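In the structure tokens that follow, a single protein chain appears in two forms: structure 1, then structure 2.
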Structure 1
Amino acid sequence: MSRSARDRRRDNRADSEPTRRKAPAFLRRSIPAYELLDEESLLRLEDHAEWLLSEIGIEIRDDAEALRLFEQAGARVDGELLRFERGQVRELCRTAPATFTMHARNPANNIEFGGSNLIFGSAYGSPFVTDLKGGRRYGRLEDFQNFIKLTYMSPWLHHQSGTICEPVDVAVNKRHLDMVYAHLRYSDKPFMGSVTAPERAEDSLAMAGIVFGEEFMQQNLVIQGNINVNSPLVYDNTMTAALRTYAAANQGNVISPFIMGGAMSPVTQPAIIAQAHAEVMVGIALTQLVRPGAPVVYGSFLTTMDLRSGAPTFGTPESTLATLAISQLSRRMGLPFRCGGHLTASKVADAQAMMESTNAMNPAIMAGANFIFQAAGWLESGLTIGYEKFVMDAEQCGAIARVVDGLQVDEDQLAVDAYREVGVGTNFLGVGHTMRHYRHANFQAELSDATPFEQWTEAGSKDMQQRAYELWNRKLEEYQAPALDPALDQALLDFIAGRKASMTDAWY
């Protein structure tokens, strides 16, 4: 289909739909965060985290430089095991900034972390993809590029995440180059780089430097690394070396323990929360030892498991409570907070998927999270990203955006003029107030169907998945890449070609 045909179809559809309000680059909350725990309970959790770091300790494996930095800062080092005096790690975290700006290739898409700000990002890390017609399969570079494009086109996704899916058709030691290029070429929103080896983190920084300029990056955040803890109480060299690489360049890290209660921690929620708090503080402290003031996000990924089978579970009451509690600990640290989003164990975008996803997302919103990635596409406990689930989740993020915007109570919103115009016993459909507000009074969902049964039947009796399948395909047909200076594009391609030529393919 030619571009002009696509444009005509888009224009025709726009004429028949209510005009959509332009979405902001990120959200600002106008609703309060829920405070679950009282002061005594919070102090007990913090004390238990300090006990873990003092008595049990935490390991950093195969990273002599990280051990040296902590020992120089006063930690007790026994081989690879670190122990700290009470309050020592928290004190090391104090130079981490409470708020900071992340710059996008398009300055209109810059986002701000911390405070009352809320940022939604796409799913991360799935080796498989699925769609209604093609089924479940290994992710390919084309899928990765597609999800970048869909993220770029969604007004409700503010961050492109990083490894949205694994492009397994590209060699392991080279795929990071294609992924970072896709982030920079097919979108102009903020993104994450590679963390699977220090040299891949360095490549990510170098490619960002081509586009943003190395001098600009010395003073401004343009790329992040997603750092996971090997819970319980272990960091490995892959993560700490990547963390140090990003922090040394004054770029960002998101530190996130991934804990399933009963496997990587005791089964009880207070123990999980305290352990996660201890683990994340050590990662934050390391960023500050590398470079005081380096931007960092306090992350959390706490969930439960089916204690009969060992399978991870999402959207459970227990994980809800953990999210609410640990968000309070992050606020007491004065740091931006990240937690999971539309999470589910379901294999397809069915009722289970949406029930669990809603139950997982709601506490993140209640908790006052600043950064929620895994907000779109997650299926099968993170093993799969689904095309239909992606657009369904993205639309739900739009509905959530309306909720966190809160209510403004003033004369216009109380519709004083409408009551004066109508009086009593007459409907409000044609009054001036309704005509002024009807386009934006309510969130306009693309996927939900509120038509009468007869009209729905005549249109093919399509369920949500079928409508979502049509929507993501239509969006990819209509996609137009954001502008990129051809010289910068060529410089990126030359860098990729040079790096790929310097190494043989490795598939592990």
Structure 2
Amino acid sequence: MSRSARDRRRDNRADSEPTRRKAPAFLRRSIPAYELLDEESLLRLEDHAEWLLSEIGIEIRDDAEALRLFEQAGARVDGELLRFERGQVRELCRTAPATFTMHARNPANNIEFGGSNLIFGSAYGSPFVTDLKGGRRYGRLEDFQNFIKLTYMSPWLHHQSGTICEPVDVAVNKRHLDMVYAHLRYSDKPFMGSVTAPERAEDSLAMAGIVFGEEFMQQNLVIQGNINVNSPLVYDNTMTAALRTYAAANQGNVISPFIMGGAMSPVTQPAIIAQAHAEVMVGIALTQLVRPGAPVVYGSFLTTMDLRSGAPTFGTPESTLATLAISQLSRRMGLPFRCGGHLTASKVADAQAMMESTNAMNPAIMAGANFIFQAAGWLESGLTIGYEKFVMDAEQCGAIARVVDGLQVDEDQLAVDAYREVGVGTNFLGVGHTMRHYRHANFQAELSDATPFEQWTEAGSKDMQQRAYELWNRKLEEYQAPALDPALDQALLDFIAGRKASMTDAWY
């Protein structure tokens, strides 16, 4: 193992011990990526994506500028339907950078996309929130702020995601202002802005500009838009307009086809994978047509549905295979890759929730994903974010940090001295080697209970959900906001007040 791999290994460590080491701003993988498919299968998937783009085509709705850009680049345009020569879209993606830095308000929290880097981010997009005592209800701005605070406090979450939950108590046309403010005020890690309308993307950019400086933003990535595809094979103008807004400002986009096989694609996984590959390439190409070199992430969000009821399902074996396979396609593009997350259809943070979430997350880790948001809080197929689930998931991200750190097989780790000290048949609890290593040898999970049954019973027979309830409440009590220059804070508040005064409330 190289020197730099060892340094990375050291960087990745953190735990809740008294001698706590600073958690890293992001992770670096020291383990190989799993290769599910052979070359022949990969070529066939790539070929099928090219067939889809050349024969079936892809539609961009109500966005004349996007159509113009593609036509100018050589696409065949038929109304709003675009068709491409084989290899043409992939060629347009070539200017996208393989790796790039995203700047945080606190430079210590800057993150690196691509390569062997791994970034965890919070959930995104739930209209509902739930907790053990309060039950399920619509999300409010206070919930949104709470999840930003919990993200800020977690050493295992590196990115604040964007719309962690919908603050339904704020008007639809104004809530992006309060969300971006919360991102900037209550935490200091990287985050995403609004994509629900071009002017909201512009507001997000303007607020980032107040804090980071507009000149800095011309050359540096500080904010991203999360772009979904209207699968099968359609981009709508809301998404393409937001995409163009961020790309034009040299800011970031994460392009993620969300495909439930059998509905937004055929039901068979190879078709789903190839379709997603085709769709995401078109989004990436559009960012590069708007601004060559604009930072963009190759995303995918592939899952299954219960084919009897039509309900989406997560952490399923078919989605595991799809995640493993599409990661190989993204690696062949040489772009930062997003997939996975702690995903589940369960309504509560029960056995199903963590079984499905673990199953949804593990293939992304094995596949070598670079960016995994939706990594903390997801419940009910994304309709709900749960407080208990959030802290469970975040801790799992900590365990994963240890996995991607890998093993270092050297004399110290092989413990030659320990065997010389005790020989056979004696335990190693007290030997010097154990004493030297016990603080940092193992990841210490705070929420997992390993106490004897009697002790657990005396402590109230609390299951993980109950312990998680106590943990997130304690965390919120302990929260202290990161410093923000009062002048910048005031400038943000003034900007928000001005924008809000210019609009009447819209509630849909």
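Computed from a predicted model, the values in this text were never measured in an experiment. Superpose the two forms; the largest set of C-alphas matching within 1.5 Å is the rigid core. Quick note, the numbers are simply positions in structure 1, starting from 1.
In this pair, the copy labelled structure 2 belongs to the form predicted together with another copy of the chain. After superposing the rigid core, the Cα of residue 181 is displaced by less than 2 Å between structures 1 and 2.
The Cα shift for residue 416 between structures 1 and 2, taken after rigid core superposition, is 2 angstroms or larger.
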